[in-house]
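Below you'll find only one chain, the form predicted on its own, shown as structure tokens.
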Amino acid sequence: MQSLSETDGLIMFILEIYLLFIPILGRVIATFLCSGEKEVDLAVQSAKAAFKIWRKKSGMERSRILLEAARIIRERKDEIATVETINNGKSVFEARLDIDTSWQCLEYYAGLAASMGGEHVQLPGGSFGYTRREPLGVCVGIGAWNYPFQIASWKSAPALACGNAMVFKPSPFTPVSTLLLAEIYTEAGVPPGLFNVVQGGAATGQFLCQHRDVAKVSFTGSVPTGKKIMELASKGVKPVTLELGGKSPLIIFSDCDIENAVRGAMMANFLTQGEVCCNGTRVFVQREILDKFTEEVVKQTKKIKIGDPLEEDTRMGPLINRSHLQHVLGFIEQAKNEGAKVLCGGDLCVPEDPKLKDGYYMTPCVLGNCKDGMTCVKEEIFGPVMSILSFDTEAEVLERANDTNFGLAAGVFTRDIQRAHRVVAELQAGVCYINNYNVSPVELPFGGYKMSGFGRENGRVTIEYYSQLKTICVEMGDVESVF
């Protein structure tokens, strides 16, 4: 049996057995064992030992190793993208873009590693104070199944740049590609154990969150699991970063470039089979262009090629597993019962290639006649389902767009630049797009408002989430005692 955990270069055979399905074919390709409390402790202790070495390296020394890891990822991009596609079903074309943002993230934080510093403050009488930004220790990363390699890179790059170690747990649905990142970090020259991978589900995650030597937890996933992680981490007063779900609004004003807006709506809904937390699935279209916009969106959606995601021209592969496929189809059926109209798609799909007949495929769906109170508009579907709603005025659409417990992302399409900035200033979302959607440059912070979480991935500000500030006060004269 192949082990899917790596700690300090050791192979471990461990507890509960998971079945690993390949979404493309709908069948089991492997079994793997999950890390129990003993294995989690071994991974954390190994990371703790590596941290003692890594934290003493200068920012430039850490930078060189991160740059080397980025170089290896670029060199192995096609291989990693293929593994990612087999792992979770997204098109290999899209997976390559994910790998690009992964090595770019490592390069970006390599550039910041040497810039971590504090400030000097002059005090009266020649005394002074200064601050130091120091690493936290062993950080835990818990990833989701929609962007396995990318999420592991986005969490580990700033953590390692700041001088921390990381123990990472990928989703049990996509356990493979993160191991390639562990191999790459080792090859690049990090101390053994600095980036460890453990496998498992909720129990493994609980062991990680509760471990006495874990200094921080960063989680990407669902709101219910995020709440549980907050609860577990609070018992040890550990800081957490949560990147959770969304039900994001995309606002299309009548003065927009309609072709551009249609392309934006497609990007906002159908990447990675719609399994994207920041997707703009509530598409608000100003009434004057509703019919024209809807017609064009339906036309473009019908053109999406569904099939083997390893083929270069495929743009939509299978969903992650059968239960999730049925979950998404259930939302569509409920939408119809509540009065929405299926304008295209929303059905099981059996690709022409007979080897794909048991894969988890469906046709991308556009729903019309949607109302704010419908389940498909209120709840995160996490599949290729776009809900189109009409609106009349700017004030009206802002109130409706913000009427959600989520606040991860939002978008607006308009030629009126004043309106664009006015609208995004009022939108209650952590990431807002103007005349584009679902672009994620690593230089910009990513994260949400409200129940979509807190903390940020990417951007300079993330350094603050993987470090702690120490204040030093230096007295240059005698102590003035009140006693």
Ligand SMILES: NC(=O)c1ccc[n+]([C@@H]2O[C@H](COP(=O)([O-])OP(=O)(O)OC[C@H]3O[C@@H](n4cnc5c(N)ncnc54)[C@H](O)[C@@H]3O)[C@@H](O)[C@H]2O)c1
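Just so it is clear, the model here is predicted, and its values are computed rather than measured. Counting begins at 1, following the sequence as shown.
Keep in mind that the form predicted together with the named molecule is missing from the display, and what follows is about it.
- Taking a 4.5 Å heavy atom cutoff to the named molecule in the model of the complex, the contact residue among G143, G407, G264, P364 is G143.
- This chain lacks the partner; the member of G163, G205, G359, G383 within 4.5 angstroms of the named molecule in the model of the complex by a non-hydrogen atom is G205.
- Note that among 331-339, 102-110, 67-75, 170-178, the stretch whose heavy atoms approach the named molecule to within 4.5 Å in the model of the complex is 170-178.
- Annotated contacts: V424, G430 and R456 are all free of the named molecule in the model of the complex [non-hydrogen atom within 4.5 angstroms].
- The named molecule is not shown here, and in the model of the complex it never comes within 4.5 Å of any heavy atom of S127.
- None of the heavy atoms of F32 is located within 4.5 Å of the named molecule in the model of the complex.
- In the model of the complex, no heavy atom of T393 sits within 4.5 Å of the named molecule.
- Proximity of V283 to the named molecule in the model of the complex: non-hydrogen atoms within 4.5 Å are absent; the residue sits far from the partner.
- In the model of the complex, the named molecule lies within 4.5 angstroms of at least one heavy atom of each of the following residues of 212-242: F219, T220, G221, S222, T225, K228, I229, L232, in sequence order.
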